[in-house]
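Below you'll find only one chain, the form predicted alone, shown as structure tokens.
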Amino acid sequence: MKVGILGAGQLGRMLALSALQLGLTPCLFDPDPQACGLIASHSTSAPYNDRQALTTFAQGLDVCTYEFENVPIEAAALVSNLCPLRPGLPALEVSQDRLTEKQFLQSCGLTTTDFLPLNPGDPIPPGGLLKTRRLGYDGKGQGTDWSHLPDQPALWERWVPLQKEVAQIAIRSLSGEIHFYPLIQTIQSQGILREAIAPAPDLRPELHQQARQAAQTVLERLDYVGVLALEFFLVDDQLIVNEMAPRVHNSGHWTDRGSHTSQFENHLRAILGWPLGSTAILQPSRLINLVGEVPFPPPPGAHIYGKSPRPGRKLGHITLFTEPT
């Protein structure tokens, strides 16, 4: 069976490697001919607006997915007319614009930070952060004044006195079955995930249930198929939704060693209509991202992505087993 993946960064690469282990044929599409995932599959490198290349890529696929939420809607829509696209277009449309995403999350009855859409030159309220509405990731496109976002619509979000950050990864199958990985504590620096602890320590049981219920609500509202991540702020011992990611997620990389079934395999199982695998942990784990540079030789057990080093770039990760708490 042929599985298409739009995007060939490290997430596409890990999906492709998991597909190979399942006896599938991964086929990746990425505009960057140097994308690290292209070596792991049948590859196409062409712009997302190359309709002929996309058509040739999509024909013959059994199913297609995407590794990140900024795949152009027009490209994803073209592919969806030629083969099943999972997750579907609604998840992309919601998550590509921070304003649309916040409004959608609130429509699901979920609590978010206070926010305000702004246009270039609008007065900026105090006590918050200005973020680009589109294409921001790993701390990019954020600042406290318009010098960081020239000529771009933005979203202002009020600062909150957060105690910690956590993430919930969930999977919904084609038949509507939902499985959850444990709630994970995430440790950020300069907008980049540095570490993740699974399961998140020192949280009330009610918070674990609240995170699962929030994820289930989003999955069902979008008729979603595949892996979804919801990121939360913990404020005054209550969860506030920060953002969603309609894809496999960096905070879940520990599942490749620390869970019975990795998030990558479960995503593939979901989009193919196969039974989901167990999300139970094998042992409490700690994920450490390798950012900017990789030690040489790499530490035992490290997963290196094959990307050229540069400051602030995720180049690999290590999953360590920790003592049970």
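Numbering starts at 1 and runs along the sequence shown. Note that the structure is a prediction, hence the values are computed from the model and not measured.
There is also a form predicted together with a further copy of the same chain; it is not shown, and the following applies to it.
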(request) Spot the stretch among 46 to 54, 61 to 69, 262 to 270, 285 to 293 with residues whose non-hydrogen atoms come within 4.5 Å of a further copy of the same chain in the predicted complex. (result) 262 to 270
(message) Against a further copy of the same chain in the predicted complex, would residue 308 count as a contact residue? Criterion: heavy atoms within 4.5 Å.
(response) no
(message) I'd like to know if residue 275 sits close to a further copy of the same chain in the predicted complex, meaning any non-hydrogen atom pair within 4.5 angstroms.
(response) yes
(message) Using a 4.5 angstroms cut-off on non-hydrogen atoms, would residue 256 count as touching a further copy of the same chain in the predicted complex?
(response) yes
(message) Can you tell me whether residue 314 touches a further copy of the same chain? I mean in the predicted complex, with a 4.5 angstroms heavy atom cut-off.
(response) no
(message) Counting heavy atoms only and using a 4.5 Å cut-off, do 1, 23 and 302 all touch a further copy of the same chain in the predicted complex?
(response) yes
(request) Could you list which residues of 23 to 42 come within 4.5 Å of a further copy of the same chain in the predicted complex, counting heavy atoms only? (result) 23, 38, 39, 40, 41
